[in-house]
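Given as structure tokens, the chain that follows is alone and in the form predicted alone.
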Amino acid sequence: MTPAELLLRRYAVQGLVAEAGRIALDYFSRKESLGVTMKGAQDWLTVADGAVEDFLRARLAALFPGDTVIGEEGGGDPSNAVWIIDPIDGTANFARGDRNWCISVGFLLDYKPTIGIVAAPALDELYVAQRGQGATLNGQKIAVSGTDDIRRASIELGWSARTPPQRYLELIGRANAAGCSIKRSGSGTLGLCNVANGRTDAYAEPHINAWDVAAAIVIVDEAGGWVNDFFAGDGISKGNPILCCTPALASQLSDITGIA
């Protein structure tokens, strides 16, 4: 794929994600329209999830018919040129009226994260990154914090029902014993983005799905962060652990989390 073809994808999808954000924000402002259901324990679904994913799938198919699409709600197949969509990341927040949610669209070229676009419309934030081109928030370049003392680190630890609760509690205990300040905000995608913009120093989760991180991995990487090899093995279809952080903390946090 030529540089011009990649640039076209980045700018086109940046516009699509902004439009999808307006669709989602309209649902968010009308709680009675959400049609909330549960896919499982603490696994929320709203009408907005389907509407946003359907919109993005249709537009991507029209613009780039040779690319494939994987979405949280509709599934899909990987290929050498694949878009990975999370229509609403942080759906529990979204359904409860919490503004910490986003739309995430990542593009993998030859199975490498290459373009990442994340819109958090209720926060009025748009993250954009392309491999080798840097990362921005609302058009301004961003960078990781540079923190090098674990005792001053603010980290987010994501939780997943797919891993035993005891494993998560042990992770909190080890991070706390190392001196970290710990938080959880309910959106893995924005958790990674907050590392990229320096609001936190690290994000870790024992298991997370590809649609939660495909876009944000590019954003963190282009902001100068360190990210584990999430797409190793079956990461694209089955998920993997995720650890991203400011580089000076990578070794210590890998030991604490057990994620390399």
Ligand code: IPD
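Everything numeric in this text was worked out from a predicted model, so none of it was measured. Each residue number is its position in the shown sequence, starting from 1.
Omitted from view is the form predicted together with D-MYO-inositol-1-phosphate (IPD), to which the following refers.
Undergrad: Could you check which residue among A223, I70, I208, L60 gets a heavy atom within 4.5 Å of D-MYO-inositol-1-phosphate (IPD) in the model of the complex?
TA: Selected residue: I208.
Undergrad: Please identify, from 173-181, 74-82, 153-161, 128-136, the stretch that has a heavy atom within 4.5 Å of D-MYO-inositol-1-phosphate (IPD) in the model of the complex.
TA: After filtering at 4.5 Å, what remains is 153-161.
Undergrad: Quick one: is I88 in contact with D-MYO-inositol-1-phosphate (IPD) in the model of the complex, heavy atoms, 4.5 Å cut-off?
TA: Looking in the model of the complex, residue contacts with D-MYO-inositol-1-phosphate (IPD) include I88, since a heavy atom lies within 4.5 Å.
Undergrad: Given that D-MYO-inositol-1-phosphate (IPD) is not shown alongside this chain, does G188 nevertheless sit within 4.5 Å of it in the model of the complex, heavy atom to heavy atom?
TA: Heavy-atom contact with D-MYO-inositol-1-phosphate (IPD) at 4.5 Å: present for G188.
Undergrad: Give a yes/no on whether D212 approaches D-MYO-inositol-1-phosphate (IPD) to within 4.5 Å in the model of the complex, heavy atoms considered.
TA: Although D-MYO-inositol-1-phosphate (IPD) is absent here, D212 would touch it in the model of the complex, with heavy atoms inside 4.5 Å.
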